[in-house]
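Coming up is one lone chain in structure tokens, specifically the form predicted alone.
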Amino acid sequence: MHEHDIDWAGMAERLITEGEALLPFVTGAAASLAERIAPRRIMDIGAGPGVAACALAQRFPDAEVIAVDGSEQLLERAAERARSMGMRLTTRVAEFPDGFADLPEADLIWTSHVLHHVGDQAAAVRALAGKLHPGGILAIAEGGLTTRFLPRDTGLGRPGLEARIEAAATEWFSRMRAGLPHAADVVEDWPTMLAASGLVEAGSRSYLIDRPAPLHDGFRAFVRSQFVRAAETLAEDLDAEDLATLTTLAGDGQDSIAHRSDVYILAARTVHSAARPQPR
């Protein structure tokens, strides 16, 4: 199965737990953006079940926030989340980038870990930049530091498992990118892509996610979901010993993520942003 064939709606619970676990980078980026702009309209492209969109609505209560996604089922979850939080949120079903032309312009466009699913990332940046009002900001969350969850030596298998998972995932990611429709090789220098799209003041800033052990059950569920997915995705990329260790960690036994006291979440996510120039 290619990445673009994944049933994202079927992953709703996993996407919600991931969004909540990594939420500090969204709230941190929103606080930084609030120092630069007071948007009247915000669009979250690839909003999924709405965790980030609701955080943006909370930070900018006077703005119209539009959650955009190709999955109507995920947008229903986003609308439900907004109602439960007392947030105002509009939803629009649109594929990206094919269905993007019919969307309105906005003062702030946010997209998180979506563009690496698009074959031609530079063209996607240009499309997003073209939807900004003058003075508006495009913020793209891509990259950062790989998330770590466990000590180097877990007492299972060889030490350094997560480093080897990262190496295997890098190879898998390259294959995934190569298999996307209209895949185009590009240096993933996001500020340069933003500037090439006619935007100004391009730059990057990273935000820390630090959830120390012991984790509560919700965040622990996120970590387990990451190990489950790694075991499914990287089964052919890891050696037998590492795959057995990964399967144990993803399971329900005493050595699994579900029962370990040393599980944590430590990561950094990077947000690249730039503004559409004001007319002279």
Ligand SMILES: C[S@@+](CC[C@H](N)C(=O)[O-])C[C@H]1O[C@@H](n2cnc3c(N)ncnc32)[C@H](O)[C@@H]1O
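As the structure is a prediction and not an experimental result, all values here were calculated from the model. Residue numbers here begin at 1 and follow the sequence given.
There is another form of the same protein, the form predicted in complex with the named molecule; it is not shown, and what comes next is about it.
- Checked against the named molecule in the model of the complex, the residues D189, E166, E95, D153 give one hit for a heavy atom within 4.5 Å, which is E95.
- Between the named molecule and the residues L74, V125, L132, L89, the one pair within 4.5 Å by heavy atoms in the model of the complex involves L74.
- Residues G46, V114 and H117 are all found to lie within 4.5 Å of the named molecule in the model of the complex, as judged by heavy atom distances.
- Heavy atoms within 4.5 Å of the named molecule in the model of the complex map, among the stretches 191-199, 105-113, 206-214, 81-89, onto 105-113 alone.
- Contact annotation: G70 falls within 4.5 Å of the named molecule in the model of the complex, judged by heavy atom distances.
- The named molecule in the model of the complex comes within 4.5 Å of a heavy atom belonging to L15.
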